[in-house]
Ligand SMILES: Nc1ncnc2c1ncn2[C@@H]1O[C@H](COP(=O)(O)OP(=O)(O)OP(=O)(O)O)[C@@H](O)[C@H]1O
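First, one chain by itself in structure tokens, the form predicted alone.
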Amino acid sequence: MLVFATSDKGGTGRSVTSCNVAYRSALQGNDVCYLDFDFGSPTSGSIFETRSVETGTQRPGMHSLLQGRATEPTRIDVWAEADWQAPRLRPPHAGSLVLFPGDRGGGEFLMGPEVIRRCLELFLRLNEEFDICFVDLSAGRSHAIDAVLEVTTRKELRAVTHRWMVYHRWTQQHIVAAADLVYGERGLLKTGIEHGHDEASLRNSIRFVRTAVQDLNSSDLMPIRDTQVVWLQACDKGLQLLAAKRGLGSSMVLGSTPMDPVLQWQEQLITDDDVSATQIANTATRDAFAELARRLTEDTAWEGL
């Protein structure tokens, strides 16, 4: 399965959520790889706490492979090479977790026919090796998004399931931006159709993920005034109506993640130790990532609407 993670705006938590979902998916027994296709800012290594590639690799990475300067990209075994203790404690039932970083100092580049061919070959090869391949795309419209929309129409990938996770924060601006990314004039659907995708199939492969959603029933809200609680509740209702109107209603939502103090200050994996031992992270955050990982492979969550 190929999973493409994208967002229209930066600051949605796309990368940190995708890394955590990949981590949870591996803990659930899947063999998982993570491809950093955020070519302008390949920093997923910092989230996986692999400091040697926290801003990309000095060895051949995704840039070098796709541009034809290398035949094998750098691969990082997160379980073995992470710089902190928790990821090293791989449970016996866990699957593999491999990071394919971008090149350090690399940037966005045009995706010509040869790049498309190499991308196709990469996806086919990794799909044979891994159960789930996460592809982290940059925010907004990009050459990479256009390329993967083209690649996934190729006959060689017809039997390969591909799904899109579109991230947005729970604000008016982010809802409007996410809707435009999917349904707009240059959005995923229209661009995908231009490349040869079937509209209904592509639409059914797209789900939204709401990030940093404040629980209005949480004790964290207790210090604020009653008038502010009422105002927040009214805003939430308005956002629900806006999301439904823009095509981001509950039937199109794969899941949501709560606001967590740890992730507001540091983008990192949330481990069980962070929840139970040190208690720096919230149980609800860990469970939200685990639920997203589970629903990602649950076909009923992706059935036609």
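Numbers follow the displayed sequence, beginning with 1. This structure is a prediction, so every number in the text was calculated from the model and none was measured.
Unshown form predicted in complex with the ligand; subsequent notes refer to it.
Colleague: Classify Gly249 as contacting or not contacting the ligand in the model of the complex by the rule of any non-hydrogen atom within 4.5 angstroms, answering yes or no.
Modeller: No, Gly249 is distant from the partner.
Colleague: Quick check on Leu296: any heavy atom within 4.5 Å of the ligand in the model of the complex?
Modeller: No, Leu296 sits far enough from the ligand in the model of the complex that none of its heavy atoms falls within 4.5 Å.
Colleague: Does the 4.5 Å heavy atom contact test between Pro60 and the ligand in the model of the complex come out positive?
Modeller: No.
Colleague: Even though the ligand is not shown here, does Arg169 get within 4.5 Å of it in the model of the complex, heavy atoms only?
Modeller: Arg169: contacts the ligand in the model of the complex.
Colleague: Asp260, Asp236, Asp31, Asp273: which sits within 4.5 Å of the ligand in the model of the complex by any heavy atom?
Modeller: Checked against the cut-off, the match is Asp260.
Colleague: Within 4.5 Å, heavy atoms only, which of Ile206, Ala82, Ala139, Ile145 is in contact with the ligand in the model of the complex?
Modeller: In short, Ala139.
Colleague: Would you confirm whether the three residues Pro113, Glu150 and Arg154 all fall within 4.5 Å of the ligand in the model of the complex, going by non-hydrogen atoms?
Modeller: Zero of three within 4.5 Å in the model of the complex.
Colleague: Which one of these stretches, 64-72, 22-30, 260-268, 50-58, sits within 4.5 Å of the ligand in the model of the complex when only heavy atoms are counted?
Modeller: Going through the listed ranges, the match is 260-268.
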